[in-house]
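Heads up, the chain below is alone and in the form predicted on its own; it's given as structure tokens.
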Amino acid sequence: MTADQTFDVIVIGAGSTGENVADAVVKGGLSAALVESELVGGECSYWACMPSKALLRGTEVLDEARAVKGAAAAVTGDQDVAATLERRNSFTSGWDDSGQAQWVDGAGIALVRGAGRLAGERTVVVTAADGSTTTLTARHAVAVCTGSAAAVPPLEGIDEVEVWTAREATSAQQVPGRLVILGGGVVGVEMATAWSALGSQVTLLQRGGRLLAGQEPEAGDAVAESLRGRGVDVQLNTSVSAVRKDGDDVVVVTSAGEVRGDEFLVAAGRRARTEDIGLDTVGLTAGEYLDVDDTLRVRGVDWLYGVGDVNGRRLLTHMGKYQARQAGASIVARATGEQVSMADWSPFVATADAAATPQVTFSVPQVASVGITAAQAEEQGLAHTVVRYELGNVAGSALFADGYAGKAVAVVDTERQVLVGVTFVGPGVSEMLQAATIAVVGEVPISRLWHAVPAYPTMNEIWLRLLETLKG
């Protein structure tokens, strides 16, 4: 596109969230332009979900085979590292977005390459790589879907060191001999799992006393034990004050001493990518997460939406897509004069952000959770009880792996008698999460769950065991 144009909706950021917003409004009968300065498909497709899980899948498969007598004898040797990296590359299409760009075109969405910047009400100026500009005007709405980026703490010496963020960790073409990771959240534990299995000597530094601090305690404890069993040096309650180069080494200065590595991965949180998108032209503050209501509309700016990571509500790809569907429905409804209901669980609001967010950490063991934890229920003053059960005591788990070890934790609202949170820890538990999500979203009464009979012998029999334990 070279000429200035007008569309019903302009979407800044063509990651998975932006793609879904544009697709939703076009399906609703509106026109849309999608603005992207990097790769169409965004973080998830090229530097996060897909490549990271491709790096981890081989480790998972080999572990499952080694945990079954008979099958274990067929596993000889370790992973083919080159083949694993090549398979990972295939999921990113070699960091080529032409396939996704074709999808955008086929969906009837105009793709505008370049950096999009707000320039006043319903106006976006796009600067292409060659410096040329295009001005886009929206009849109804502008949706900011620029996502988030790694937050790099201001450590002494950090500017003199070429640190890894999640992007480098998921796209590296060679296994680092020694990898030092700062941060024990999802990115930190997944990358520690992946690269240690591929041959790297990994040190994981966590400021707090537990990995996966926002999850149930059983999750972080199990993952830390597993990582240590795989040779990862997990250092808890360890702060980092400085980093420097010493020849080819990266030296990380911690409260427990110095740690040396070939690469230093900073996995210490995320920040909103709003620093240079013209927020000041509409009275907002650059660099901050966008404050939105449940329809994802920015408070105080009735034509502007902040969808996905950029609003800081739930920094997960699937939640960004969910928000995109809700925001898209809201935009179409408002454009066509339809009433937009702000009631929980209406077609226009992202209620699940607060009440029923599912998440899987693809560590070994996996951690799958939805809703709130026991600690969060306590903080909210919710009348509740917590039910815990050893997942390995279920017949289906024993068949899944010899010596299966895992945990299940359920948080029950004792006044409404419904589940408000469920966590599974163990091999293969990610595939059990959707049932828990439906139970939480649907607020299925405990009395009705007794009639959801789990097939025998599967790991889903854990549902019956949890109910029995709850009943006492």
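Here the structure is a predicted model, which means the values were calculated and not measured. Counting begins at 1, following the sequence as shown.
This protein has a second form, the form predicted together with another copy of the chain, left out of what is shown; the following refers to that one.
Annotation: in the predicted bound form, residues G220, A224 and G231 none come within 4.5 Å of another copy of the chain through any heavy atom. Of the candidate stretches 107 to 115, 396 to 404, 278 to 286, 379 to 387, only 396 to 404 has residues whose heavy atoms lie within 4.5 Å of another copy of the chain in the predicted bound form. Though the partner is left out of this view, G77 does reach within 4.5 Å of another copy of the chain in the predicted bound form, counting heavy atoms only.
Another copy of the chain in the predicted bound form comes within 4.5 Å of a heavy atom belonging to E443. R87 belongs to the set of residues with a heavy atom inside 4.5 Å of another copy of the chain in the predicted bound form. Within 4.5 Å of some heavy atom of another copy of the chain in the predicted bound form lies at least one heavy atom of A71. Among L30, C44, L39, V412, the residue placing a heavy atom within 4.5 Å of another copy of the chain in the predicted bound form is C44. Interface residue among G147, G185, P358, P176 relative to another copy of the chain in the predicted bound form, by the heavy atom within 4.5 Å criterion: P358.
Residues C44, C49, M50, K53, A54, R57, G58 of 35 to 58 are found to place at least one heavy atom within 4.5 Å of another copy of the chain in the predicted bound form.
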